[in-house]
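Only one chain is included here, represented as structure tokens and corresponding to the form predicted on its own.
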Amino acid sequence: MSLSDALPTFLAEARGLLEEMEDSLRILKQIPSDTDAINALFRAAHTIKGSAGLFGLDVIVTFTHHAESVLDRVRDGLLPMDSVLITLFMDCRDHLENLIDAVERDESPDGPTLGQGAALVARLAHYLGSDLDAEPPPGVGAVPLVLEDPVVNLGRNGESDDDVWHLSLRFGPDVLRHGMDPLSFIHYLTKMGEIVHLFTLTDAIPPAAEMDPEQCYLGFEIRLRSEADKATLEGVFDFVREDSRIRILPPGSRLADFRKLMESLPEGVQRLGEILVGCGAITQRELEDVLDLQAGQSTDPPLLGEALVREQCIQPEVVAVALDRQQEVRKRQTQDARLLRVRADKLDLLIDQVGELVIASAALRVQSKETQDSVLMESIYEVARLVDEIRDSAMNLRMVEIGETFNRFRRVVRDVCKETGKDIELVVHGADTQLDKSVVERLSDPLTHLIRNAVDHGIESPAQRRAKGKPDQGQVRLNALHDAGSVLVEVSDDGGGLDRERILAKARERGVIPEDRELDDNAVWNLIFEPGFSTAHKVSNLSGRGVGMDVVRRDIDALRGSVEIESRPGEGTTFRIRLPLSLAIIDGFLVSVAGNDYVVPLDTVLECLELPATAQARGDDQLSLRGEILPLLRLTELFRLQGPRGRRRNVVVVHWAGRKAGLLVDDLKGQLQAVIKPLDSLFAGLPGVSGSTILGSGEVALVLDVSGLMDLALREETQSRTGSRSHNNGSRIHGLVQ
């Protein structure tokens, strides 16, 4: 594989690392001193820089180097991670995303993008000083190893049965000038355990004439019996660590303990350094020092395990155990889950072919009813069973987590907050909820409109919130969950809620509703979906032109979904979007009305029953079902259908978004799998119908939109009361089915 072939993989991985950077920055916003988040942020930037270098993406490498240099100073404790620095790194993360987008489009960064990069480098320079090209400070390693020490190997036998630590101390030459006495550290060690052996190294002492009485020339090899852990022992030398070389080797008798600790680590921990730190064999600081040494060697750097042993951080036996653990985890994960990247268009083609297979299987089942060959019928039903399994497997391939789409809105909220001067937090729940890939892709625009409106219109300014006794920081919540065979996505805020009287006044001003007509809350809230409707006091860059909410309704309807609003004055507003799990293949229930076949999505069907003769004779528009009154939707009248009627009527009880109704039909034909086919543009947006499907007999059946049917019936009833009943919808449907 050439580098150009591997570029898409780099882009995908880089986007994943950008998400990690954003997650780390979000943690640091809450806990600025979180070491793990700082290290994760550094690793993500370092990986992007290294991978970009393989592809010759010098713009990304150069920019990331500056950000990485500042992060390195933060890791070393030279810079505090404050809100200003977090904002700067967030801007750097966004700029990296723009650069990666340009690479994906095979374009060079344009002028504004380059200007943004230069401005960010200038801001980073404030933390780096004047030398922008300076590499990160070199790692510890100024004091050479003395391999000839007579006790250098004490305590390194992995089979030893003692409990003695081995400490190798090389104090820096200026430690005395800094007011530190090596002897005091040795005395302090006696409070933590028993010094079994102490050997003083004097080989660095120069001739007497050349000696400096303020300079330290001594080193020490110490054997210490103690119950303290490695981090505690390492903490003894915190004050001299920058000027000295301190190496602490754990007792060889604890090799079995280390093995047990490694086995108890989570499966996700599979890097050698993480395993050794996790079981306490080395400290995080020792790991970072050795990683810095590796990074400083441009040619043939040693492996991490070799470097740790060479730097006397750990015994080779412990490294061997950790490597065994690493191989076990990787082997187990490789066997459990093998990931394969597949192009989206290939997956779409597979779904289309599976859909055709479902239609062919249905046709085969219809034809099998005419044969008397039991063996053939058994084979046909076995093929049908396998087709069902293939369909389910193929549909699962298209299911993706909605969390990736949700995470994109963090930047939307951040950008809108900058423009409006508000402080708003985006809280995400249910990011692991799975939905069809095509639904997720088409859901992005409606959610963007809703979130921007929540930030701009819904949530008050900090001053207004303080006056109402609310915290300065507002909150927008994104939530997703599975509910009754569909997916429910909620966008809510803790703002002031919708202004009912202002919406009504604007609707009457525009002639949307008569002056004397009263509406319930749901009807009032739905007015905001009217084209061009806006209650904003002034037009801004974000909103106020009446464009957006009608697009939200149109896009949700196109997804065979529905949207409802709940608003509480002074407390906030919630938009609930209900969507089908898939747009490609659904389980349906086939019914017949006036000789025409229709498919009702099975997840909306509660039960079926025969219409009582008395209700049929009276022509009731309602049905009493176990004490509950349900409205009856007569499809023959709703769709203006002409055709043969059955001798009896049946009711299909359906539900959607907390509402129930009964569909009055002629015949119940049973369950089927429906491959959704789009309607011609002439019938786009037809209320009550979401698509079509091909039956096993080769005939076409319309797929009903239950939510749209309920809305259509409500409009028909309203129009009949006002005497303005329209036949357009019915005539269009009638023309479609003929």
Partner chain sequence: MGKTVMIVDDSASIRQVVGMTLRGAGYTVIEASDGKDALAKLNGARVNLVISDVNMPGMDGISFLKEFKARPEYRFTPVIMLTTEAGDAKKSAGREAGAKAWIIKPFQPNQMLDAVAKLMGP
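Positions refer to the first chain, counted from 1. Predicted model, so just to flag it, every value in this text is computed and none were measured. Here the rigid core means the biggest group of C-alpha atoms that line up within 1.5 Å when the two forms are laid on top of each other.
One more form of this protein should be noted, the form predicted in complex with its partner chain, which is absent from this view; the next part is about it.
A.B. asks: If contact means any heavy atom within 4.5 Å, which of 114 to 122, 173 to 181, 94 to 102, 553 to 561 contacts its partner chain in the predicted bound form?
C.D. replies: In short, 173 to 181.
A.B. asks: Going by heavy atom distances of 4.5 angstroms or less, which of 388, 243, 587, 460 would be at the interface with its partner chain in the predicted bound form?
C.D. replies: For this set of options, the contacting one is 243.
A.B. asks: Of these, 217, 239, 199, 529, which has a heavy atom no more than 4.5 Å from its partner chain in the predicted bound form?
C.D. replies: For this set of options, the contacting one is 239.
A.B. asks: In the predicted bound form, does residue 497 have a heavy atom within 4.5 Å of its partner chain?
C.D. replies: So residue 497 does not count as contacting its partner chain.
A.B. asks: Would residue 235 count as a contact of its partner chain in the predicted bound form, using a 4.5 angstroms cut-off between non-hydrogen atoms?
C.D. replies: Residue 235: yes, in contact with its partner chain in the predicted bound form.
A.B. asks: Would you please decide whether residue 191 lies within 4.5 angstroms of its partner chain in the predicted bound form, comparing each non-hydrogen atom pair?
C.D. replies: Although its partner chain is absent here, residue 191 would touch it in the predicted bound form, with heavy atoms inside 4.5 Å.
A.B. asks: Indicate whether its partner chain has at least one heavy atom within 4.5 Å of a heavy atom of residue 568 in the predicted bound form.
C.D. replies: It does not: once its partner chain is placed as it appears in the predicted bound form, residue 568 has no heavy atom within 4.5 Å of it.
A.B. asks: Residue 215: CA shift of at least 2 Å between the shown form and the other one after core fit?
C.D. replies: Yes, its C-alpha moves 2 Å or more.
A.B. asks: Taking 2 Å as the cut-off, check whether the CA of residue 232 shifts that much or more between the shown form and the other one after a rigid core fit.
C.D. replies: Comparing forms between the shown form and the other one, the residue 232 CA shifts at least 2 Å.
A.B. asks: Superpose on the rigid core, then tell me if the C-alpha of residue 667 is displaced by 2 angstroms or more between the shown form and the other one.
C.D. replies: Shift at residue 667: below 2 Å after core fit.
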